[in-house]
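This document starts with one chain, in the form predicted alone, laid out as structure tokens.
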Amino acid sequence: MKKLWGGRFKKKIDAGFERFSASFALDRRLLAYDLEIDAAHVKALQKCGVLSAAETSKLLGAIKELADKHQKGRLILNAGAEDVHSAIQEALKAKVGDLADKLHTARSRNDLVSQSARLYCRAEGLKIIEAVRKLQLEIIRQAESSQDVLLPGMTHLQNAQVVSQAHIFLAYAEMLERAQLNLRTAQTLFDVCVLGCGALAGVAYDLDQKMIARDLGLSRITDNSYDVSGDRDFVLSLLSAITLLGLELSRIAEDLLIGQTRGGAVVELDEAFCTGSSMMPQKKNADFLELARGMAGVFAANLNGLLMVLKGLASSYNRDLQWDKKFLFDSVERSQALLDIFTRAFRTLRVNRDRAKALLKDESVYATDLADYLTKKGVSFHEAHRQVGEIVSFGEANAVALSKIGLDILKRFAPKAEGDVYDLFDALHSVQMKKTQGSTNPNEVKKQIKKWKERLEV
């Protein structure tokens, strides 16, 4: 295949090096975006006098034919092409002859790949944002149906205070919203027209870059062509956002896994997302959650991989930048697949209400409520904290629940305790005592669910 760059070379390229340097297997994912750019570029070439109206019409027709075939999954390109740009050039030449050679006027593969990668990041980033929204929606549906399920919330992996399962689900929605914010912020770096930058210095043709930007749905034009040729900050931004998303998903997966391993899972993963053991017939392993947790490391590795490629590179273009797509495509495609499975997994999660009630037998979760009760009786919180600590120690030493300790003994540790103290040892009373916005109070949980439904259903 004739190269786009071979004029000054006398020797044939080394076959091993050619295979090593070829990127078509990866960057073929940019094909649709390259064709979109080609169409915009053809129109710009006509406007600045490089192409006649007839040539423009012929080229646009050929580009549309390739795009239509690609959309239908019927476009076959030369798998031995150096890159997707060369493969498209060859396909166009087969249709319009030497006219296709004019297409490369006033551009370089440097600005072309930068632009197509930005369009890819914009489109795929929006898909990830939508996938996060769908997952959040399933989580909120689970929250809505589990508002009455109360259980011990944990800190340091130990029972802490009573919360509703809905409140925990709502926390997951908040975590994912922060991830979405990073994804939306990254979109600003994709929304720039870089065509006309050429290899690094710009081009010697009066391309209407504003028209190109409009055709590609971009809101601004780059201010510096030299910067464009070496800029991959936009890729880093998306990889960083995906890495943070992966961390949030990993934390959610870990939450669910902890419940599985301690044999006290209130939220149980459907067996469709589990596997068994080749030796132990009884096993139901929550493998999806483990794979999801591990995927955070893959995303971080891709981010760090590109950081290492970029570290110390001189400004302007260097061929090292070709490796950016390896990291980019892997993180994008794996994150989309992961979100899709997470969404279906949450859709089929089962909340075990009986197990939640059983976990509330640990009445130490009411210790803070008891300290607050004493504080309202006039005891300083510091002193109330000490008194309740002694009560809890007494209960543990004598294997007796807090609600079963007699008032005379309670008063020995906490003189201000009265008969109404036993009202505290109730899960619903515990959550209803919470007053602050965003708390686990049932009314606040309802408000949060209403807010999320309004936000996500739009």
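If you're wondering where the values come from, they're calculated on a predicted model, not measured in any experiment. Numbering starts at 1 and runs along the sequence shown.
Unshown form predicted in complex with a small molecule; subsequent notes refer to it.
Heavy atom of each of A173, E248 and S250 within 4.5 Å of the small molecule in the model of the complex: Heavy-atom distance to the small molecule in the model of the complex: none of the three under 4.5 Å.
Only one of 175 to 183, 286 to 294, 240 to 248, 315 to 323 has heavy atoms within 4.5 Å of the small molecule in the model of the complex; I'd like to know which. The contacting stretch here is 315 to 323.
Of these, K134, R355, R334, R232, which has a heavy atom no more than 4.5 Å from the small molecule in the model of the complex? By the 4.5 Å heavy-atom cutoff, the listed residue in contact is R232.
Considering non-hydrogen atoms and a 4.5 Å limit, which listed residue (V113, I139, V149, A384) is close to the small molecule in the model of the complex? Exactly one residue meets the criterion: V113.
With the partner left out here, check for me: in the model of the complex, does some heavy atom of D38 sit within 4.5 Å of the small molecule? Flag for D38 set to no.
Under a 4.5 Å heavy atom criterion, is R344 part of the interface with the small molecule in the model of the complex? Close contact is absent here: in the model of the complex, R344 is far from the small molecule, nothing within 4.5 Å, heavy atoms only.
Since only the chain is shown here, I'm wondering whether R109 would be in contact with the small molecule in the model of the complex (any heavy atom pair within 4.5 Å). R109: contacts the small molecule in the model of the complex.
In the model of the complex, does D34 have a heavy atom within 4.5 Å of the small molecule? Although the small molecule is absent here, D34 would stay clear of it in the model of the complex, with no heavy atoms inside 4.5 Å.
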